[in-house]
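This document opens with one chain alone, in structure tokens, the form predicted on its own.
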């Protein structure tokens, strides 16, 4: 029997980027907020300080900051005719574990989505005709516009201290920025990162080929910065231990370095760590959330009553909690009916590795960070004519040296020996003279890709695991081959003697790491028959339940998702503060 606790105004599930933003905003409104976090407390000084932050074995190989399958696993299969099996180790993607979530170990690349991303189906229909969209492609509009998102993108960028160069200021294209981006009201809060040799060579070569290179928008700081909450962060030192690591230098934006120093001091905020939410509790009508039930590290069960429930966990956990709680109608792949679990998408992470003459090229790849580098956007989304190509979508292309740790980063040219002295020579000669150029590409929703509860496997608490049914659709495979070929042309022009092309091909495998940019499952939109939440991220079925995260994406763009997730968090918080609290109930999109 769960022990019933004193009532709170708001209960927030998960304290990463979105949970921290939502909790801070609602505390400022005077609400009594409690956050429940499944993992441990994480802080720079105690968890990844300067003494041991660059420990590759601890953080990259043994994944100390990542979720463990023993805590919560998922099952996976490529299609509905297969039997899903549990992931015994998180390989393909890396959910975070603890306060800060995946925002602790992220790379820091911080994009805005393109204006047409938010009306994607309408855009493609208008430009190419409805017949250009395959019958099994279930992409849809988001139910809001880029213009509605712009002020919230701005708020997140200034919270995180993003370093970059505007490409479109109030409709005026700016030299040195991304000419394809939507209009922004003001410059980035910090200037672009400095560039090492590799990205500089990439940009020079791309410009000669007619592309328009620009600095990657980065939540690694190019200079000391104090954000609007009064929290000061330091300048990035290009240590090379960034992606999969916490930042010991307070230079990578995260909940820890931007929001928590303020939030944790507020008297109307409480954090409980090592507390796993079992379900959202509903009243007898099933139309109102009354709070949540959770279990703490001792195994004791508690009921936390609250007027408002906000799901801010990793996107897979948000979907699973709604399924376990009976909120919404689960998607049925046989009939196409139902919305909960529908439109699960990934990110097509494509890569070209160039091997250069070691006597002429020294890229010093160990100098880097998760979001340093230069990019082009000509191959992204619908920035090029898809009419004769037989596919839709594309990706952001960038040369971003994230570092070259000694255990995991040992590329050798094709034809090299795989063992012995020959392999050692090849590794030595190519360590400083190889360069990777990636294309992080779109993943478009497909009728056969979805999330549901596994009928066989359960977690340590006896609850069904989340089941992933996913494979790369034909459209995305064709797109991947095309953009990877274009990237290879640039790498050859840069002077590479040999190249290795790595486009995404079927079948999707859970084993090698590809990207943590998994999205969808509780798609947002204007139509309850094709979406789980409205444009304010409010459940259509339970109006005092909101869910904030990449799970609300109807599909994925050719951009990293975090900037859009952060903007959506600010927008949802604003809707709660200015509209919901004044008149609790379903919000109508203005």
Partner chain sequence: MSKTSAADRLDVLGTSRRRFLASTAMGLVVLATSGVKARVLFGTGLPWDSGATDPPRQVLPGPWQFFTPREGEVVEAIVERLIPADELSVSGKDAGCAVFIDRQLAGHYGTSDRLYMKGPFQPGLPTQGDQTDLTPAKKYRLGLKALDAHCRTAMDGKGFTDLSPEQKDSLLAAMEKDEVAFDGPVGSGSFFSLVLQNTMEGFFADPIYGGNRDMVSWKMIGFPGTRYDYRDFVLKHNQKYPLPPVSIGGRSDWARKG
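Residue numbers count along the first chain shown, from 1. Since the structure is predicted, the reported quantities are computational estimates derived from the model, not experimental observations.
The same protein also has a form predicted together with the partner chain, omitted here; what follows describes it.
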Exercise. Taking 116, 187 and 584 together, does each of them reach the partner chain in the predicted complex with some heavy atom inside 4.5 Å?
Worked result: no
Problem set entry | Listed range touching the partner chain, judged in the predicted complex by heavy atoms within 4.5 Å, from 496 to 504, 157 to 165, 362 to 370, 280 to 288 | 362 to 370
Problem set entry | The unique member of 139, 510, 206, 340 whose heavy atoms fall within 4.5 Å of the partner chain in the predicted complex | 510
Seminar exercise, completed: The listed residue (144, 379, 477, 275) that reaches within 4.5 Å of the partner chain in the predicted complex by any heavy atom is 275
For this session: Answer for residue 261 alone: is it within 4.5 Å of the partner chain in the predicted complex, judged on heavy atom distances?
Result: yes
Exercise. Would residue 237 count as touching the partner chain in the predicted complex under a 4.5 Å heavy atom rule?
Worked result: yes
Exercise. Does residue 31 reach the partner chain in the predicted complex if we count a contact as any heavy atom within 4.5 Å?
Worked result: no
Exercise. Does residue 172 reach the partner chain in the predicted complex if we count a contact as any heavy atom within 4.5 Å?
Worked result: no
Exercise. Heavy atom within 4.5 Å of the partner chain in the predicted complex: which residues of 187 to 208 qualify?
Worked result: 194, 195, 196, 197, 200
